[in-house]
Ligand SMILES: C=C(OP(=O)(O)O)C(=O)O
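Just one chain follows, in the form predicted alone, and it is written as structure tokens.
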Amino acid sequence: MQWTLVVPLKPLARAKSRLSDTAADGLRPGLALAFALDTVAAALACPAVKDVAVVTGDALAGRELGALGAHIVGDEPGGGLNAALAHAAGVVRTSRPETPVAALNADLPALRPLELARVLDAAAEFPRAFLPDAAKIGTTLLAASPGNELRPAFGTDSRARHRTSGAVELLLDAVDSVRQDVDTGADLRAALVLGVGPRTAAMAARLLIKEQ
């Protein structure tokens, strides 16, 4: 099964405010863009991924991610993360109604293509499935097989919300790179230990963050 991934990215100027203890205001937009670029590059290299659609209203991010090969979908609804994901999934399925679609976080800078393939292959066994994040509170991936709506419920306690919605929680080992999203300085250090992509590594060097 070849998946289309939908990756949401908020305007860079407002991204990653919880990294304020690690990165100054002037560096956080560049760090958020680096996360997204490394995430999308790894996703495009995944053998289970047909293509990637990034939903964003940020012009710079759109140009940079488009240059990698991602399709850019405008954040038209302006109704927040879940509305943006539902909109993008709808755009994808307007032309390809039988396409399996998965929402993937944009802040997975340590993402490994083969680990992502394992997650997507497991998700293909269910109408809807999700992978919880490293903290076991949120969600990093939500998948909908052909004929099933995505029905995203990202946000606070999204692991519980997705389970309540009927999505199957994927219980997989050795997919840490797909779980490790980055919201805080501690998250970034954990991602660095796993090994991040080149853009995040360059930004992290500027921040003088050392692997622990």
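Not measured: the values here are computed from a predicted model. Numbers follow the displayed sequence, beginning with 1.
The protein also exists as the form predicted in complex with this ligand; that form is not presented, and the subsequent description refers to it.
For the candidate spot formed by Asp133, Phe154 and Asp181, every residue has a non-hydrogen atom within 4.5 angstroms of this ligand in the model of the complex.
Between this ligand and the residues Leu81, Val91, Ala124, Leu114, the one pair within 4.5 Å by heavy atoms in the model of the complex involves Leu81. At least one heavy atom of Ser158 is located within 4.5 Å of this ligand in the model of the complex. In the model of the complex, at least one heavy atom of Arg18 sits within 4.5 Å of this ligand.
Although the partner is absent here, Pro100 is not a contact residue: none of its heavy atoms lies within 4.5 angstroms of this ligand in the model of the complex. Residues Asn105, Asp107, Asp133 are the ones in 102 to 137 with at least one heavy atom within 4.5 Å of this ligand in the model of the complex, listed in sequence order.
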